[in-house]
Each structure stands twice: as C-alpha cells, then as structure tokens.
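Listed next as structure tokens is one chain, alone, in the form predicted alone.
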Amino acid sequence: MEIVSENKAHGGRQLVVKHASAATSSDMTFSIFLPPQAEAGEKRPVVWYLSGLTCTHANVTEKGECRAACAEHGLIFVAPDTSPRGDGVPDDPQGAYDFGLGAGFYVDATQEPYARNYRMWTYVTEELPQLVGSEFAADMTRQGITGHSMGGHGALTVALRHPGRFRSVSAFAPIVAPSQVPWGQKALGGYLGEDRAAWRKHDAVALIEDGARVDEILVDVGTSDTFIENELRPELLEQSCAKAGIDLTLRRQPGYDHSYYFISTFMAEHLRWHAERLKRG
C-alpha cells in the first residue's frame, strides 16, 4: 500500500492510496478521508462513495465537498476508482466513455477479454473493505454506502445484496434499472453476456422484484438532468419500493443537472442522513 498524497483538511487527513489488487489484477487507487476523531485513534463509521461513468476517485474527492460534513459527524469517507486501469487492461474497442476504462459498472465480468480485470464487484464488496478495515481506524460494524449515476446503481445493488452490512444507503441520480436502459444494457451485456437472468442481481429494481430488501433509501435527482428519462428512470425505483414496502425518500430537485454542482449541493444532507443512522445502536 502506497500513500500517493496526504493533505490536512478540516482537522483530519485526506489520503490518496494506491495498492496492488488481487481482484482486478491491476494497481488500484482510492481516496480516504480520516476525520479528526479517527486521527485521534477512535474507531469511526465508514461511508463508501461509488462514482459514475468516466470518473476516478478524484472527482468526488476534489469536487464533492464532503470533508466538512465528514469531520462534523466523524465519518470516514472512501471513494474507489470506477474500473481497473493500467497496461494490459482492455478498454472498449471504440473508445466509448460508457464501457471499459472508467465504466466498470461494479460487476464481476464473465466475458472475454474483460473477465480477468473487470472484477469491480469483488473489489468494492470484499477486497477494499478488508484493506480499509485492517489499515485504518474504521468501525466496519457501522457502514453506509452512496454513489452517483453508475455509482448510484452500484450503491443500491451492493446494499440490497448485503442488507446486514450497511445501515444506510443513498444515491445521487442513480441508474436504478440498468436492464431497461441503454447504458446498463450495453454494460451488462458486454461484461456478463446476453443471459438477462444474470443481469438481475446487478439491477436494483429487479433485485427488489426478486425479494431483496433494505429498510429505507434516500435518492436525489435533478429535474434538469438530461439523463433522467432515458437512463436513470427514478420512477421505476419509486414504483418497486412502493410495492415492496421500502421507505424511499425520492427528492426531485428543481433545476439541478447531473454534475458535481448538483452532488456537492446535497452532499452534506446525505452525509448527515447517513450519520444519523450510523449512530444507532
């Protein structure tokens, strides 16, 4: 494990860390903010943030405006990369932004040539939590998860498939039903093959239809988000949660788009929401 950079912020430390990943057979980079309480040696709850298409750890670290709220509430904030990278890691043959590098979709690929490296599900649910739990002052009995767009899809599916691990889940403009929209159909087909039954465990709406449950979900989406109708489809999550009895707070924020201007506006509210649930006994 190599600390690439280290900066003091809000009484805590912002780190960027690089390590060799067995899951992805590549070097991986993630950022982690350690609040003042963790710096004092106190075990603190963890909020995971999964980023969207084209992003790395750096987007939310530099533009998400998360550190003040994390310091206030004593939250460790971890942001992994969105895909493996490096020499020999295959990309989309056409260089498209929505598949390959920067677009791992938080699945374990079964299709060649992606199966060796694109194991982001194992990376974010097993390998990285083990590393964070062993190397930092993280209370792994208190975890929350959030994310944006493709990462919102990841946050929802990870939480739905690990209901005992996460005390809280939220999302910014998530892709809620990837099996039903172009971004998801391209990614799930390319990584997992054409058997749509295999897609369902990576589709939040399908998981809920198949019986997966969490107690509650917070989602924000901007009404001026250009992807809302064709790619995000928040109404599908609204319908599935209502039918399943899941307490969904879906806030359609007037005039906001898909960018980090939107995310940073509501980041502190999401972190406060997570902190309230992570404090419970």
Ligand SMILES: N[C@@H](CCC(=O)N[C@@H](CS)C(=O)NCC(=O)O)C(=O)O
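What you see is a predicted model; the values in this text were computed from it and never measured. Residues carry their position along the shown sequence, with the first being 1.
Another form exists, predicted in complex with the named molecule; not displayed. Remarks below refer to it.
- Put simply, of 45, 52, 234, 222 only one has a heavy atom within 4.5 Å of the named molecule in the predicted complex, and it is 52.
- Among heavy atoms of residue 148, some come within 4.5 Å of the named molecule in the predicted complex.
- Although the partner is absent here, residue 63 is a contact residue: one of its heavy atoms lies within 4.5 angstroms of the named molecule in the predicted complex.
- Remark: residue 258 counts among the residues lining the named molecule in the predicted complex, judged by a heavy atom distance of 4.5 Å or less.
- The named molecule is not drawn, but in the predicted complex it has no heavy atom within 4.5 Å of residue 31.
- Across the options 55-63, 210-218, 240-248, 23-31, residues that bring heavy atoms within 4.5 Å of the named molecule in the predicted complex belong to 55-63.
- The partner is not shown here, but in the predicted complex the stretch 227-243 reaches within 4.5 angstroms of the named molecule through a heavy atom at 227 alone.
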